[in-house]
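Coming up is one lone chain in structure tokens, specifically the form predicted alone.
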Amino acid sequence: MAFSRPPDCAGVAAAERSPATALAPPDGVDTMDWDQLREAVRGCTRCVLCEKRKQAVFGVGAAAAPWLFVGEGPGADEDESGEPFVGQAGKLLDAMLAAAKLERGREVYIANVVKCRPPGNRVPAPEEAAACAAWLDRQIDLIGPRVIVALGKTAAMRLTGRESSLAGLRGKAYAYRGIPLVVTYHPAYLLRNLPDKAKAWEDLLFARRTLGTAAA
């Protein structure tokens, strides 16, 4: 399938985008419904990531899911399909969810810090994460999850607001927009570091306990 670049995005240099423009929330985002938000994200040109994407990757799952998993950004497979976590990392995430008796589209919603693929699958720049922040925040408001799980350091730093190693952020309960937040490893990292899968499982169990405590 062929995808076209958004016409108003082509040729816009990073230098032409001021930090104030990148950080200012989009007009009306706080009142957007799902359809309006999806359309706004599809046509977003708020940072340079729009220039090389095939499509924006909005997110997938139940609109009122109790669990929200937030990753870093789309990779090549996600850029093609338009759905997050569809490659090998996605298969591992689905296996982890199944072990916890969870399923995307049922109890789980999955999104990313940025909606467009960073070239070469590099880590999103802080200004790119900031430009996308309002989209993710509105998703969180619409979903109303009971617990958020940050997958990997980029998501952990974005949602906790703390610069630290992932090891230093794991094992603690935080809050984002009033919702309990737990940090764990990104599935792509676990594919390269299989022994840490046991730690990721501990984090999922901790997230479940955190959700239960919040609901009590």
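Just so it is clear, the structure is predicted and the values come from calculations on it, not from any experiment. All residue numbers are counted from 1 along the displayed sequence.
Although not depicted, the form predicted together with a small molecule is the subject of the following passage.
Undergrad: Choose one stretch from 156-164, 172-180, 27-35, 64-72: the one whose residues place a heavy atom within 4.5 angstroms of the small molecule in the predicted bound form.
TA: Looking at the partner contacts, the answer comes out as 64-72.
Undergrad: Does Y109 reach the small molecule in the predicted bound form if we count a contact as any heavy atom within 4.5 Å?
TA: Because no heavy atom of Y109 falls inside 4.5 Å of the small molecule in the predicted bound form, the answer is no.
Undergrad: Taking the small molecule as it sits in the predicted bound form, is P145 in contact with it (heavy atom to heavy atom, 4.5 Å or less)?
TA: No.
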